[in-house]
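Only one chain is given next, in structure tokens, and it is the form predicted on its own.
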Amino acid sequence: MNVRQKPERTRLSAEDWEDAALNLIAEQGVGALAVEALARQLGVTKGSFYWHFRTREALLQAALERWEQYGEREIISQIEAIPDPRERLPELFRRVAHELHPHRVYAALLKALDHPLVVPVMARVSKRRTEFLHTAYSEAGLEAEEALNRARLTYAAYVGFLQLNFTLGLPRLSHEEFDAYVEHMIATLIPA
């Protein structure tokens, strides 16, 4: 008798669900986040989801917090560790420029600013990033008001570029053109 073995069940962590949720948000937006679709994509039952989360909103909240913490942990804390304030800003621009997945999530969240869970996260992220830029510009030698204005301009340029790029598909830049654009931003926005 030939006994077929059942495939081994995959045990997913809450983090696996959060990552899958962020991938789906990046690809299709917040509105596309659905438990059944994620379970199918992950090859598990919905029961696996309910082991970790009570509702879709709980998953969305956890995924948003994970995305927010990634920005703090992987980008800002690493840049803050650079001792020379004049080296921090160029390194920030270059590093952030090549973080594609977080940009896709950010652009998707910009489209979902009418969602009650998205608004506070986006407000916190924007505030923290603007404060970080303000501090970086101040430490690089700009006076307080000029540093704040430059921080706002820098963050607005970032958000605007994401909107153009991920919402409208503009501009269509090759890797070389994009790298040249980043270097232009550095030369334009960072004091010599």
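This is a predicted model, so every value here is computed, not measured. Heads up: residue numbers just count along the shown sequence, starting at 1.
Another form, the form predicted in complex with the DNA, is not on view; read the next lines as being about it.
Note on contacts: among 43, 141, 29, 160, the single residue with a heavy atom within 4.5 Å of the DNA in the predicted bound form is 43.
Here the chain stands by itself, but in the predicted bound form one stretch of 65-73, 35-43, 122-130, 145-153, 35-43, has heavy atoms within 4.5 Å of the DNA. For residue 52, a non-hydrogen atom is located within 4.5 Å of the DNA in the predicted bound form, even though that partner is not displayed.
Although the partner is absent from this view, residue 56 contacts the DNA in the predicted bound form, with a non-hydrogen atom inside 4.5 angstroms. Contact annotation for residue 12: at least one heavy atom lies within 4.5 Å of the DNA in the predicted bound form.
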